[in-house]
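Okay, here we've got a single chain as structure tokens, the form predicted on its own, with questions on binding and movement later.
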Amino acid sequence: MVNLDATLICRLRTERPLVLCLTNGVVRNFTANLLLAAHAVPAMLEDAKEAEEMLQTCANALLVNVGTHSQAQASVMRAAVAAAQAHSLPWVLDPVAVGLLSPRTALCHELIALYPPTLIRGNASEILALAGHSALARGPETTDTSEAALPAAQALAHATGAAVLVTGPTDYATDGSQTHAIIGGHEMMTRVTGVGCAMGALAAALCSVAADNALSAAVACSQLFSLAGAQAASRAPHPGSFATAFLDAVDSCVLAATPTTAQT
């Protein structure tokens, strides 16, 4: 059973943060719809100057997802991370397939060195690889367990100052000192393109309203996804219908949250 941090979710609904998503082309539409379902505002740009201007003027948070890495996209990400630093905005790194492919692995380490992220969200293999350990993966799919990656996640949090969210059948959120396990969701979440990547965007939105508590944002993000995934699977047992049901469930969970009660 998942207990939802209703106070933080209500703040998300009320403040409706704008998240600039530098993400991969496969998941842009689903990511935008997920943020809208969560009552946040998505923005998708591909130009470095426009990204810098948006982060200066109206964005509340930044997502960097390296799922379809290219040299051109890497240049935009460098500029955006520098702009986020200049304007003290939270940013989330989603290191898709890091450790498997060297160019994106080098880019992620470069970005972390440029301006440590507020939160890192990845599957077990990605977190292990980003922390410098050997990892097992098949493309963007992990063959490591989130439990096995937990020590690496804690070490990565200590090294970067970021909260780290490791996803799997059990999600682990840690800041290196405190660790929370969130059990829930459903296997169907792994059979729809973009669910994990969209989770990074939601994490960025929550970081922007979490009063500098990235760990609470990571926990709330996992809680909301776990609860919505279980609800969606209960009425949509196949991938096509599940994708729609999941967005509906996210909306329902956000609407049900109030500052004084927790949704279970």
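When you see a residue number, it is the position in the sequence shown, counting from 1. Only a predicted model underlies this, so the values are computations on that prediction, with no experimental measurement involved.
The following text describes the form predicted together with a further copy of the same chain, which does not appear among the structures shown.
**Q** Which one, 100 to 108, 84 to 92, 157 to 165, 116 to 124, holds residues whose non-hydrogen atoms are within 4.5 Å of a further copy of the same chain in the predicted bound form?
**A** Partner-contacting stretch among the options: 100 to 108.
**Q** Is it the case that Arg16, even though its partner is missing from this view, gets within 4.5 Å of a further copy of the same chain in the predicted bound form, heavy atoms only?
**A** Heavy-atom contact with a further copy of the same chain at 4.5 Å: present for Arg16.
**Q** Considering only heavy atoms, tell me if Thr193 and a further copy of the same chain come within 4.5 Å of each other in the predicted bound form.
**A** Thr193: contacts a further copy of the same chain in the predicted bound form.
**Q** Evaluate Leu247 for contact with a further copy of the same chain in the predicted bound form, applying a 4.5 angstroms cut-off between non-hydrogen atoms, and reply yes or no.
**A** Looking in the predicted bound form, residue contacts with a further copy of the same chain include Leu247, since a heavy atom lies within 4.5 Å.
**Q** Is there a heavy atom of Ala210 lying 4.5 Å or less from a heavy atom of a further copy of the same chain in the predicted bound form?
**A** Output for Ala210 is no: heavy atoms all beyond 4.5 Å of a further copy of the same chain.
**Q** Looking at Met199, Ala232, Val219, Val27, which is the one with a non-hydrogen atom within 4.5 Å of a further copy of the same chain in the predicted bound form?
**A** Contact with a further copy of the same chain in the predicted bound form is made by Val27 alone.
**Q** Are all three of Thr145, Asp171 and Thr258 close to a further copy of the same chain in the predicted bound form, meaning a heavy atom of each within 4.5 Å?
**A** No: none of Thr145, Asp171 and Thr258 comes within 4.5 Å of a further copy of the same chain in the predicted bound form.
**Q** Heavy atom within 4.5 Å of a further copy of the same chain in the predicted bound form: which residues of 49 to 69 qualify?
**A** Stretch hits, in order: Lys49, Glu50, Glu53, Met54, Thr57, Cys58, Gly67, Thr68, His69.
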